[in-house]
Structures are given as C-alpha cells and as structure tokens.
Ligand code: UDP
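Just the one chain here, the form predicted on its own, laid out as structure tokens.
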C-alpha cells in the first residue's frame, strides 16, 4: 500500500479529547507516513476548561473543523452534529470515521457515516451497562451495530459483542455487513502511562491546594441523574460530609459546571452551608488532565459517577466507589477494586469503611499493555491493504 489512508476523528466531550490523544500520538510517532488524521470537534462541550485547554496540554493537533453545536436538547444537538459531520465526510471522503465511547457526538457520527457508507471504527466497543434508560447505552449499541471495526478495551466488552451476534471468526476485509471485533486494551491506559511521568513533573495542584502531605478523597460528580435529582444529590453530599467528619481526610471535588450550578438549589441549606465552609473540603473548578492524574495518583480513595475516572482509579491502584446503580467496567468490581454504591448515603459510607479496613492489594493488568492505539492503527491499515 503506497498511499496514505485518511481518517476523520470525531471528538466532542472532554473524555473523547483525552482518548483521541493516544491515537494522534501513535499516528505522529509511528504511522505519519501511512495515516492522515482529520480531527472534527463537534463543540458538544463548549466550556474552555472542559475542552480547549486539553488540546494544548495533551499535544493534540488543533481540530481541522469545529461544528460549535453547543448545548441543546439531545435531539436538537444530535441533529446539528449529523448535518455538520455529513458535510465534512462528503468533502473529505475518508477511508474511516473514528468514533470514541458513547456521547451524542458518537451517535451523530455513526448515523452520518452509516447513511453515506463511510466505514466506522468504534473505539471502546462492546461496553454495556444493560440500562437503556441511560442515553449512553443507546449510543453505544447503535454505534457498535453500525461499525466495521470494533475495538473493545476489555474481555467483557468483547464477549458482550459476541453475545449480540458479532462473529469473532470473521475475516477481512471488514465492513458494516462483515464487522471485525478485537480485544485490544484501553487507549486510556496508554495515556495514563504516557502522562503519569509528566504529571509528576508539571502538576502543581497538590501544592496549590496545600494538601501535599495530607490524606484526601477525590470525588467527581457529573451525571445528570445525580446532579439534577435533589434526593440523590443530597444523599451523596451527606455521605461525603460524613466521610470528612469521621476521618482526617480532606475531600477534593473538581466541580463539573452542571454540578456547580445545582448545588445551591438541589441541596438543603444546612448541607450546602457545611459544604461551603468546611476547612477540609476543597471545591475547585474542573482541573486539567495532568492535574487530574496527579490527584488520582495521590488520593487514598476515589468516589465518582464517571466511567473514565473509574478506570483511572484502577490504573493508579486506588479503590473506587461508584455512584451509579451499575457500571460498564464490571471487571474492576468483580476484582474487588471498586464497589457500586449508587447515590445511597448508607452504601457509600459502608464501601468507604470496607475499603479503609481492607484496601485492594491486587490489580491485574486487564486493560492491555499500553499499546492499544498502535494496535488500532495497524488493524485499520491491514483492512485497507
């Protein structure tokens, strides 16, 4: 094969920007003479701290296109993205459209590409929570069943695809009608290995928060079924306050914009005031990826409703309490490295006490060898030979 293949990569939410760094880095370092990457930012996350800063920090090329869709209802936002992505695909005529994860940007890309027969590469394929009330679950399923190449980060994800009818014995050339499925490891594990050393050198977040020599719990809350439902948000913060009261730990909570807006309205006055004025609670704006890695590496324990942070807790061998009724990362729960507590004060506190008394000691390498992005590039190239 003499000519380069061209891929269009769709990103829109902050986690996708970070994931895309692994593939862009692999292309730059190892496949620059074989793969041309066109990056499309849908603008799904439009807050400066939630997206643009990451391009600079992670060394990702600036997007070739930005659709600037901004915030809207699921239908309106997705429709705007489909329209914009379709035009770019018709203009660029790529060999593949690369999609990450399970956001509205992922769904829009899958719909646009499948209608005009552009082969889809889905990274993070096969993940299932088996809860279709989550918009992300619908997005995952529809993208997987439109894709030509499906790259699962875990064995469980690969097996989920097999259960849904994907044939692991199919042979190239792969297409939407003859899809190829792979268990390749996780591009975020690639990133965590790559950026951990940079974080140790460049991140000042522990010093800035004056917790360099303190024990702390790291917490992130962003899912709308937690932030938008006062009963659930109240339970979560009552548990967090109790953890701080019962221990010498600080609580560090980088606030997602949605969460920050709803604290005053969705918490009782008493809990809100305690949260605002407790000397060992650090409510901070969203942090950079390197600062987040530094916090994860030094935390005693991590509490989150983020799928990505669950994995990163595992990467850095930290116990994790999951504030959701289920998780797509079932392995970390089965291995005892994480516990599902949903938004229950009682279950969050019970998990906290269990992990303090019996912290996990074994973290098997279930997310690959740190070279998932290179494997993905190689398979895209093989399929076009």
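These numbers were taken from a predicted model, which means no experiment stands behind them. Numbering follows the first chain given and starts at 1.
What comes next is about the form predicted together with the ligand, which is not displayed.
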Select, from the options 143-151, 229-237, 244-252, 303-311, the stretch whose residues sit within 4.5 angstroms of the ligand in the predicted bound form by heavy atom distance. 303-311
Would you say all of 15, 222 and 286 touch the ligand in the predicted bound form, counting a heavy atom within 4.5 Å as a touch? yes
Exactly one of 188, 299, 181, 110 has a non-hydrogen atom within 4.5 Å of the ligand in the predicted bound form; which residue is it? 188
As a check of understanding, the residue in 292, 267, 209, 89 with any heavy atom within 4.5 Å of the ligand in the predicted bound form should be identified as 292
